[in-house]
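Shown next as structure tokens: one chain only, the form predicted alone.
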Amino acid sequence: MSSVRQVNIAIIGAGGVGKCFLSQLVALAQRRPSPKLVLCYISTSKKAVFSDDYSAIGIDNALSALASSSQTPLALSNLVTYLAASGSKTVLVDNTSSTDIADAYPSFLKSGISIVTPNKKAFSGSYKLWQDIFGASAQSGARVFHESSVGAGLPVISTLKDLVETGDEVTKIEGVFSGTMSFLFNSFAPTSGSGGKWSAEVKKAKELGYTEPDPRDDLNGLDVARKLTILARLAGLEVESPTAFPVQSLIPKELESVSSGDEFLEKLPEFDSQMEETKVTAEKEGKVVRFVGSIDVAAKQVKVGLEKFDRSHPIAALKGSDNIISFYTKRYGSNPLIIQGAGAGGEVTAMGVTSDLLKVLAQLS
């Protein structure tokens, strides 16, 4: 039997991932009655539900309680104090992409509050924040897990940690880290057939919900750069930030400053020839172009951008919006360890968060 009888759960964020996580939490609490999981705090940016005596909020009706609540969220410093005073082991589940919350992680961890999150900002921000987060965790014993910050529910971070911690030597990490970019290039430059015009494929990706509301937020490469920053640091490189290495943007210079995503899509067809030329150049070599990230651990080089691959290469053969991450290591030799599958979506991202929560519960008991 677990020695910890109750674990308090505090959730920030009830959007796409947050809703999926809540439904998984309902099932988890039913499947694993011990330790008892007590939802004591839940908030969005504008509303919150909590009480002075930490009484349980029904997990299955938390969203409706939140919708009808007149309470406002506690300031982050006050939330740290509130959770630390509960008298029970506590886990903060941050389902946001907030920089402010990420910056507060060391304070939560120092106070003994464990964290599980898909928030990339905390682990790809300044190198000092990275050090402060893991320093605070080591100091207090509170845990921090962030599997879903790279590759949603794919076991990318846990696999890399296992490789490093068992003494393997990781020499290179390479892959397609963005579901959006995967979808775009699989339809723009397929391994068979001709594919569509670049601007038409970007428009289609937006209509299908694969891109951010402003597609430039995907096309600037920063999302991939954040994920690479996290993996490079886990592999032992002291990468200062996602802008500390070459990141190729696919936004034409002339469209960087247009006022909206709609205006960007409207004007993008004028620049189709640039991407078409890139595609044709690769085709003449019998290859296809893909948007990839790579980390050369030995040379300490990280980069994000377009690369050409043989049509038979696993990266070229991806389907839909799948991600693929290849780990080249001393143990695995010339055949990399490959992780492939859905790298985006509320359910799989929440699965990574739920899996992290299970890791924390195992270590608290």
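Quick note: we count residues from 1 along the sequence shown, nothing fancier. The shown structure was predicted, so the numbers you read here are calculated from the model rather than taken from an experiment.
As for the form predicted together with another copy of the chain, it is not shown, yet the points below apply to it.
Shown alone, this chain has one stretch from 99 to 107, 286 to 294, 196 to 204, 146 to 154 that lies within 4.5 Å of another copy of the chain in the predicted bound form by heavy atoms: 146 to 154. Listed residues Glu263, Glu256, Asp162, Glu270 were compared with another copy of the chain in the predicted bound form; Asp162 is the one with a heavy atom within 4.5 Å. Though the partner is left out of this view, Gly58 does not reach within 4.5 Å of another copy of the chain in the predicted bound form, counting heavy atoms only.
In the predicted bound form, Leu184 stays away from another copy of the chain, with no heavy atom inside 4.5 Å. Among residues of the shown chain, Gly87 is not one whose heavy atoms approach another copy of the chain to within 4.5 Å in the predicted bound form. Using a 4.5 Å cutoff between non-hydrogen atoms, Gly320 counts as a contact of another copy of the chain in the predicted bound form. In sequence order, Leu337, Ile338, Ile339, Gln340, Gly341, Ala342, Glu347, Val348, Met351, Thr354 are the residues of 337 to 354 having a heavy atom within 4.5 Å of another copy of the chain in the predicted bound form; the partner itself is omitted from this view.
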